[in-house]
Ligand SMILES: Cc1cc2nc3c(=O)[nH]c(=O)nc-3n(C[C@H](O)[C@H](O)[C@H](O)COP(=O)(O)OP(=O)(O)OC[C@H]3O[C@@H](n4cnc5c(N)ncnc54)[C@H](O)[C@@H]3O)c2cc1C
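Encoded as structure tokens, the following chain is the form predicted on its own, with no partner shown.
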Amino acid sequence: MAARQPHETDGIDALKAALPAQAWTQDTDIIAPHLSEWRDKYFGKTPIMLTPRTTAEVVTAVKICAQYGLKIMPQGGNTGLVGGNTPQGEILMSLKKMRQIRDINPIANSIIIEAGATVQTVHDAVTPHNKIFPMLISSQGSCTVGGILSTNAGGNHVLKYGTTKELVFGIEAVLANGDVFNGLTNLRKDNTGYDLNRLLLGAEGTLGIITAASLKLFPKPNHTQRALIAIESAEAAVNLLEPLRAGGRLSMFEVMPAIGYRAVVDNIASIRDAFTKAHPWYLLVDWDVDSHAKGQALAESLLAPHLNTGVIRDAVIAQSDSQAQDLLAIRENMSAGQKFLGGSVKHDITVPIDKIPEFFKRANKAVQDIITNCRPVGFGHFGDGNIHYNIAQPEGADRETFLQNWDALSQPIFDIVDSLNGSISAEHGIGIMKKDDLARRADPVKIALMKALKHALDPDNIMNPRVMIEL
């Protein structure tokens, strides 16, 4: 008689037997919040959620899953926006219990921290050492280190410090066969072969599960001067980028259109309008300076010439830390504010900075040719070319009917991005949402290399198998 083939139930029983009771759950109430993303676009299911507390427990789980052919979807803070962290029957592995700080080295400017720790935890840990981890992102209180590494997140400081890949010395990761890749280091120079750390960064859990990272720290600026600037157009924002750089002091350059700005200040009770009258566009900037006095003087000197010419319509220069936080809150609530506009088709794209005005002109026309009176809401990190180009439903339209146009509205946007030599994914990743678009639009050689790497590191395709590429 032929031997019975192992069944999923056998693998789950093996996981429950091998792992401590605190490292797994099948309680549907506990699991439920992990099965949907915050926009309510993706909903999932899983037979069990693993909650390992150590790298050793991750190794145990991965080896059992490999033995029984069980697919694994790793999850951090569940703040992803492209469906890459919502399981559809895979074993869900939440890393949120792995949040230990293993080391802080102020001399080497590094911190080694586990993947389940939030970005805010990193900020809080390094502040007493007069250091910063320069990832500034609206979800930093809930997004995790492993999550931002797996998606190569960006945030508001990419202009000065780069994306997540630029902020990492190395990582620790569990591979598909259960081996542990230990790239944890704080060396700034290591030229000993392939950079395997970067291979796993931005891979969205398809090549291995990141369990810890050595992150780069920077000296804390003595003072950060913030200003909110009212301008006429996206073109005006782009034209102000170089004049406001101020010899490398510019660390944030965020742009918001009137519709997004008003959605925040009119609907979120804790936020008030910084101006006495409305303007077409708003620009939020930071400069890192030596003192409050120098910040005030710098802001006034840089803004005054453009106020005199009318390029800048008005400006608010933060006079205190609390006022600076109030100004930042407007930008940080752009996504929340848009919920009051109804259904929204969302894009995370990047184009060459000088092409931003052209992108808006062409994109706005394209989507309004498809759906008259739809409302483009394009905002984001203009300093690095990253635009969150969202399209709100027409006023009074049915939300669900409008969202059925997601693909019809997205394809012309991606066509425009391609024609401008941009990217259809800037900082949110590929996930499920853009997998087919990546396959159609990317260089075939690139796709072939990605598949070859996936086959080499995960031949049985157990690591986040539905995400990014189709084998």
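As the structure is a computational prediction, the values presented were derived from the model and not from experiment. Numbers follow the displayed sequence, beginning with 1.
If you look for the form predicted together with the named molecule, you will not find it shown, but the lines that follow are about it.
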So the named molecule isn't shown here. In the predicted bound form, which residue out of Ala115, Val122, Met256, Ala237 has a non-hydrogen atom within 4.5 Å of it? Ala115
Ile91, Ile209, Val285, Ile391: which sits within 4.5 Å of the named molecule in the predicted bound form by any heavy atom? Ile209
Which of these stretches, 126-134, 291-299, 71-79, 363-371, has heavy atoms within 4.5 Å of the named molecule in the predicted bound form? 71-79
I'd like to know whether Ser138 contacts the named molecule in the predicted bound form, with contact meaning heavy atoms within 4.5 angstroms. yes
Though only this chain appears here, would His306 touch the named molecule in the predicted bound form if you measure heavy atom gaps against 4.5 Å? no
Close approach of His428 to the named molecule in the predicted bound form, 4.5 Å, heavy atom: yes
In the predicted bound form, does Ser110 come within 4.5 Å of the named molecule, counting heavy atoms only? no
Select from 232-261 the residues with a non-hydrogen atom within 4.5 Å of the named molecule in the predicted bound form and write them out in sequence order. none
